Ligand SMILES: Nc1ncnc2c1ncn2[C@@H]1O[C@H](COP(=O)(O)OP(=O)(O)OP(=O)(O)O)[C@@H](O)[C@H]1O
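Shown here is one chain on its own, the form predicted alone, set out as structure tokens.
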Amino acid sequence: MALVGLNGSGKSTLIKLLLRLYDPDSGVIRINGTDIREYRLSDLRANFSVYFQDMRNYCFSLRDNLTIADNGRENVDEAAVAALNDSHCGDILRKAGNGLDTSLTRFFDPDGIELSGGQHQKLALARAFFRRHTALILDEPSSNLDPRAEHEIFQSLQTLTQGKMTIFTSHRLSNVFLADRILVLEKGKIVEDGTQEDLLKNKQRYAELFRYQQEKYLLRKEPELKSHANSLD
């Protein structure tokens, strides 16, 4: 399921309510017909692995940055490398001279490594993949990624999400091809609900948002290009 909408439409709020980071002022959220407040909080959250758009990594080793999400896993190193590969962190592994024992940043270890914004995002995604879960939530998982890295991550998600519930938010509507269902939010309300094909046919809010982005990738008509070139002359 993809949640789409303008900034402030309620996408991240909906995720936080589902995780019981706070409870709704009115209404009920149910899982399998049961009010989520009736589940023990630790049991509820144990089913989810979450990536938030304001992600953070830590001045620990690569291994510790992953295992902090699930410190009870067996075959930790094998699972850690698999998660790093799933999030296409090969570039990070190549520069990590001490492997999984390599520290992030050189503040505390002269042999540590410094990461770019995109690499930090891929590592945070690897932490979400590392954690055992039945439901995966990704809040703007490609906001800092270059086009190639973004493509690779969403290719991985097609495999990683098989047989699991997955909810993700994205401003880039090119990414919602993965979703079986799209919810369009506006001012805290669901204004559209359906597949991408259905929503484009409806020609309402989703189609409008899609058109805004589509137009940026379409070439101008030839006369317009010539006119623009002449103006530059």
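On a predicted model such as this, the values are computed, not experimentally measured, just so you know. From 1 onward, residues are counted along the sequence shown.
Not on display, but discussed next: the form predicted together with this ligand.
One residue of R45, R205, H171, R63 in contact with this ligand, assessed in the model of the complex (non-hydrogen atom, 4.5 angstroms): If I apply the 4.5 Å criterion carefully, the residue I get is H171.
Answer with yes or no whether Y22 is in contact with this ligand in the model of the complex, where contact means some heavy atom within 4.5 Å. Y22: contacts this ligand in the model of the complex.
At 4.5 Å between heavy atoms, is Q53 in contact with this ligand in the model of the complex? So Q53 counts as contacting this ligand.
If you look in the model of the complex, which residues in 10-35 sit within 4.5 Å of this ligand (heavy atoms)? Residues within 4.5 Å: G10, K11, S12, T13, Y22.
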